[in-house]
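Below, in structure tokens: the form predicted on its own, a single chain.
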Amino acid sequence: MSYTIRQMAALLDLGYQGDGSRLLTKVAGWNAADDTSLIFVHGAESRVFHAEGQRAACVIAPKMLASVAANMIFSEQPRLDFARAASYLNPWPKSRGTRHATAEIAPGAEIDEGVELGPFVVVETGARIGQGSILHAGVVIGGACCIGKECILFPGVVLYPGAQLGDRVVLHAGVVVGSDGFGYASDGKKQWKFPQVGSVIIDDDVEIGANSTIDRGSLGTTRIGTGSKIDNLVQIAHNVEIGEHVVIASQTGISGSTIIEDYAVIGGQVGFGDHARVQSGAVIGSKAGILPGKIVRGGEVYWGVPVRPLREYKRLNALFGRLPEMKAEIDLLKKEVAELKGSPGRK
């Protein structure tokens, strides 16, 4: 897609300066920018912008830099508005409505107009696929699954029977939705599989990264709320409830029946025990550990194992760094006390 600077500024509802007729065809980083590229600057980058920024067709930047460049779209949140601009210049592909000869569609499957099916796609009985969706090579859609409009399923995605996707859901390569949760009951000799017969629902505008897995509920529902974004290699167990617009980074593992409320941010390699709850707006740093049943209060930043507020974690971490010195001091004090106890004047 291409837009003039004037058109892009109007789409973003932002002011601009310079040649409004200049054409923008792509977004780019500073080093790769050319005369049709849109770039952005913020923070420390503004100090060196004058020397670097002129290769691009246009820059999204704060108005304080207006004197630096001829073509500029003014923004007080350049990174955010750059991302918004990218959604216009580099949108998700639209379905071509084609169906590869090797795609296998079972009798009773319902496929709406304009759905694109790639090589070796399998759609089982009772599945429904909404208008404009794209299923790339090797996607498998189990029986009675429901896929909304304009979804994109990249190669190798698997939906187990009964999984439900809303509209505009994006599942990257290798995502598995609706596999059995990890639940067993032991009689002391054998592990008996606890029923995994629930459902999984993924709401509108969710994006899930490559090779992530979302288990179905055991007896209830696993749910991912509208607009949430999940990175690669994330494991979401049975009966987990994730709210709206939650962000979860790579290699995080979420145990069963955990609840993560709206607008929470979860860093990479975070581990959740079962039945934990993260309240709305909480931010959990990378490699944190949340114990089973733990409630993480909203509106604050957390870190560490077990997880604790960042201010407390930083204080304890500073003390931990002094442990060798503190041990030496304690050893010295113990030696002095022993000497005092053994002195001739002691009764």
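Between two forms, the rigid core is defined as the largest C-alpha subset superposing within 1.5 Å. Numbering starts at 1 and runs along the sequence shown. Treat the numbers as computed from the prediction; the structure is a model and nothing was measured.
Keep in mind that the form predicted together with a further copy of the same chain is not shown, yet the notes after this line are about it.
*Asks:* Whether Ala86 contacts a further copy of the same chain in the predicted complex should be assessed with a 4.5 Å heavy atom distance threshold; does it?
*Replies:* So Ala86 counts as contacting a further copy of the same chain.
*Asks:* Is Pro306 close enough to a further copy of the same chain in the predicted complex to count, meaning some heavy atom within 4.5 Å?
*Replies:* Within the cut-off, so yes.
*Asks:* I'd like to know if His172 sits close to a further copy of the same chain in the predicted complex, meaning any non-hydrogen atom pair within 4.5 angstroms.
*Replies:* His172: contacts a further copy of the same chain in the predicted complex.
*Asks:* Spell out, yes or no, whether the shortest heavy atom distance between Lys63 and a further copy of the same chain in the predicted complex is within 4.5 Å.
*Replies:* Residue-level check for Lys63: no, no contact with a further copy of the same chain.
*Asks:* Identify which of Glu110, Glu104, Glu76, Glu113 has a heavy atom within 4.5 Å of a further copy of the same chain in the predicted complex; exactly one of them does.
*Replies:* Exactly one listed residue reaches within 4.5 Å, namely Glu104.
*Asks:* Given that a further copy of the same chain is left out here, which of Ile201, Cys145, Ile134, Ala249 has a heavy atom within 4.5 Å of it in the predicted complex?
*Replies:* Going through each option in turn, the one that passes is Ala249.
*Asks:* Only counting heavy atoms and a 4.5 Å limit, does any residue of 295-320 reach a further copy of the same chain in the predicted complex, and if so which ones?
*Replies:* Those in contact are Trp303, Val305, Pro306, Arg308, Tyr313, Arg315, Leu316, Asn317, Leu319, Phe320.
*Asks:* Please state whether Asp331 has a C-alpha shift of 2 Å or more between the shown form and the other one, with the rigid core used for the fit.
*Replies:* Where the cores coincide, Asp331 still shows a C-alpha shift between the shown form and the other one that is 2 Å or more.
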